[in-house]
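So this first bit is one chain, no partners, the form predicted alone, shown in C-alpha cells.
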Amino acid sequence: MSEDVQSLAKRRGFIWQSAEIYGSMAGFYDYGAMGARLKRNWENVWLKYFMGLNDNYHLIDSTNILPEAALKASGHVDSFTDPLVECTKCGHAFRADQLIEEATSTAAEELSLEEIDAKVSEIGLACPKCKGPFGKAMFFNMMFPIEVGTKGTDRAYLRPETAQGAYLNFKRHFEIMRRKLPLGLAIIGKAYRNEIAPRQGVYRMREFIQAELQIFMDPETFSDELDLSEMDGKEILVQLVDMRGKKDVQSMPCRYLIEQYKLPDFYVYHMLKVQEFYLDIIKIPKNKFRFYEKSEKERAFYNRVHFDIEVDLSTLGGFRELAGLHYRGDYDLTKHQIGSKEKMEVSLDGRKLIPHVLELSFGVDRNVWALLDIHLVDERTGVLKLPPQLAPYTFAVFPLMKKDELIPLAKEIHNLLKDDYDVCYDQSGSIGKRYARMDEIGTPFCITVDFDGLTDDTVTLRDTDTTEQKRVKVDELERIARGLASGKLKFKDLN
C-alpha cells in the first residue's frame, strides 16, 4: 500500500520531494496542483470547524522569523533538542530514540542520554549506513538560526512552531477583543525544524505546516462557557498509560474519564470535539483512530495533560501522531512575562490571573498524507475516495466525445458550477480514461453530456465511490450539486 500511495502522490500531482531535478534534499516537499487543493481544503474545513466552537476564536497570521529573545524566554534556545548519535566510522548522524524504537518496537522518547547509550550497547545497535559503531549520544538543537540586518547583528530563528505567534500576540488581541476570555488565536502556517535524519516522508519534515488553536482561558470558569451536556452518552477512543501492553484502544465514556481519571471536564470536551472532527468530518474510520496518553516522563514538563491524536496508517506501519491536545497551564504567558517584562496578567470580575492555555495542534502535512493513505482503496486499483468538501475537485464535467454538438452544453454546465465549487472540465481521451483520472484524484462526482441529453435536457451523474450512474435533469443540477457537495444529499437517494 505504501508504494501505491507514493506512486499516486507523484503521478497525479499531490506531493513529492522538493528540488527533485537537483536530487532533492531530505525533509523538504512540494505540493503539486492536486495536493495544494487538497491541503487548502483540509485547512478550510479545519478552520470552519474549530473557529465555530466559539465566537471569540479568531484566525491570525504571524511572522515566520522570531527574535532570539522571544525563543530564549520560551525555552527553545536552550531546550528544543532531540537526542543524536553519530557513527564513528562514516560520520552519519541519526535520531537516537527513533533508531531504538525501530529496533525494539518500544517507545524510547523518554530515555535520558545515559539510558540511550545503555540501550544502544544492550541491543548492539549499529549504523544503518555502514554497520559501524556509534559514539556517545548528545543533544542537538533543531532550530534554524538566521542573521538579520546588513551586518547580521540581530540574532533570530525561523520559528520552530506557530504557537509562539499566538502567545506573543495575546496581550494586544485581548485588548482588541474587549478583554474577554476564553480567547482563541489560531494560526495556519509554516514552521521549521532541523530534523536530524528525516526518513519518513512527509511525516517528519524540516519545513512543514501547522494548524494550531491556542485557547487562552480561566480554568475556573472555562467550563461554564461550554455545553458540557454534549458529552452525555458519548465515548472517547483512548489508550491510557495504564492500558499499554493490555489493549490498544478502549472506548471510554466522557464522564468516566472525568470522574475516574480526573481529567478536566473542559479537556475531555475538546477531546470529543477533536474526535468528531476526525470521525465525522474527514471520515477517518473509527478502528483507525485513538487518543494516546503521554506519560509524565514523555510529555513536556509544562503540559498538565497531554494526549496525542493518532491514526493507523498503512504507509507508516501503524498508529502515528497527527495532532496533539495539550493543557499547558500558564507556562507560556508566564515565561514571556518574565522575558519581555510586559505584564500578561488580566483582570476578570475582580480577579487577576495569567490565563492558562489549552492547545490544539495539528500537523497539516501529516493530515493530508493520512487522507491519501486512508482513502486510497483497493477494490478498484487507484481509486481515491475523498469526502466532497476535501477533494481537489468536487465535480468533473465531460462531453461524452469531443464533438461540436456536445461541447457547448458541457461548457455551459461547467460555467454554471465553477463559481461555487471546484470543477474540472476535460474533453480529451476516452470517457473511461477520463473517469479513471478522476477516480485517482478523488473527484466524487462526474457529469457527462451525451447525445440523449441534447434532446431530453438530462446528463449522466456518476458516483466515484460506487461507479453508479443516474440520469438527472439539467435544470436540477444546481440543487443536486449543492446537496451532494454539502453531504446533505446522498447519491443513493437521487431519484
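All residue numbers refer to positions in the sequence shown, first residue = 1. Remember, it's a predicted structure, so these values are computed and weren't measured experimentally.
Keep in mind that the form predicted together with a further copy of the same chain is not shown, yet the notes after this line are about it.
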- [ ] Sort through 124-132, 174-182, 216-224, 310-318 and report the only stretch with a non-hydrogen atom within 4.5 Å of a further copy of the same chain in the model of the complex.
- [x] 174-182
Open item on the list: Just to confirm, with a 4.5 Å cut-off on non-hydrogen atoms, which of 115, 154, 345, 298 contacts a further copy of the same chain in the model of the complex?
Closed with: 154
Task: Single option in 168, 257, 284, 108 placed near a further copy of the same chain in the model of the complex, where near means a heavy atom within 4.5 Å - done: 168
Open item on the list: For a quick test of understanding: in the model of the complex, does each of 233, 392 and 474 have a heavy atom within 4.5 Å of a further copy of the same chain?
Closed with: no
Open item on the list: Test of understanding: in the model of the complex, would residue 190 fall inside 4.5 Å of a further copy of the same chain by heavy atoms?
Closed with: yes
Open item on the list: Under a 4.5 Å heavy atom criterion, is residue 387 part of the interface with a further copy of the same chain in the model of the complex?
Closed with: no
- [ ] Flag residue 336 as yes or no: does it have a non-hydrogen atom within 4.5 angstroms of any non-hydrogen atom of a further copy of the same chain in the model of the complex?
- [x] yes
TODO: Using a 4.5 Å heavy atom cut-off, state whether residue 404 contacts a further copy of the same chain in the model of the complex.
DONE: no
Open item on the list: Under the 4.5 Å heavy atom criterion, name the residues of 203-240 that approach a further copy of the same chain in the model of the complex, in sequence order.
Closed with: 206, 207, 209
